[in-house]
Ligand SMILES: O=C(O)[C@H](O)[C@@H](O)[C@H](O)[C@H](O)COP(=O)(O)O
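Form predicted alone, single chain, as structure tokens, below.
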């Protein structure tokens, strides 16, 4: 059951007492949106984040018996590492989401073997062009520094990454705090989604979110909130 509701023009707050309750509620919302998309146009397009936070949500979503053979799953962002790497978001999705009923979904990765991150981004832009844009659902995460997707505060050309008018699907990212180079969906593709959820857990993430929406220097997550044409649904549990 939702513990509280805090709303603003840019987001709607959904607080839960426990992480399992959050996972079940978010999974139900995502499954419902995908089912609606499938009914309306025959397929649903979902983009998810990596890291360790979404594991419970992935497990809950994977068990819901929707028409997974009509769902396409891709990533919000990815490290420039192969799926065999323990740091791969694709590997996390394969192990936690593309299981059970969801094993029938089609997965479109962002990592491609390439000379460098620029070539990988070019391959992504060619490969993802044929997907049924816009996204029906995007589920974002957020770091304690206020980054989301791979929009890191110290990224090279951050202004270019946060340009909501970009015509690119995927952009390369270089940021010292990110470690290896990364690939990320453009802000324009993210905010064009039919449903945007931000999944955060723990008091540190809540503090970071509160800081991001307060007056002051604009953090990357705030850029998403500002650019989204409808409120972002924030799902949080301690």
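Note that the structure is predicted; figures quoted are calculated from it, not measured. Residue numbers count along the first chain shown, from 1.
The following text describes the form predicted in complex with this ligand, which does not appear among the structures shown.
Okay, which stretch from 33-41, 206-214, 167-175, 52-60 lines this ligand in the predicted complex, with non-hydrogen atoms inside 4.5 Å?
So the stretch in question is 52-60.
Determine whether any heavy atom of residue 74 comes within 4.5 Å of a heavy atom of this ligand in the predicted complex, and answer yes or no.
Close contact is absent here: in the predicted complex, residue 74 is far from this ligand, nothing within 4.5 Å, heavy atoms only.
Touches this ligand in the predicted complex: residue 141 (any heavy atom, 4.5 Å):
Answer yes; at least one heavy atom of residue 141 falls within 4.5 Å of this ligand in the predicted complex.
Taking the shortest heavy atom distance, is residue 189 within 4.5 Å of this ligand in the predicted complex?
No.
Distance check, residue 149 to this ligand in the predicted complex, heavy atom within 4.5 Å:
Heavy-atom contact with this ligand at 4.5 Å: present for residue 149.
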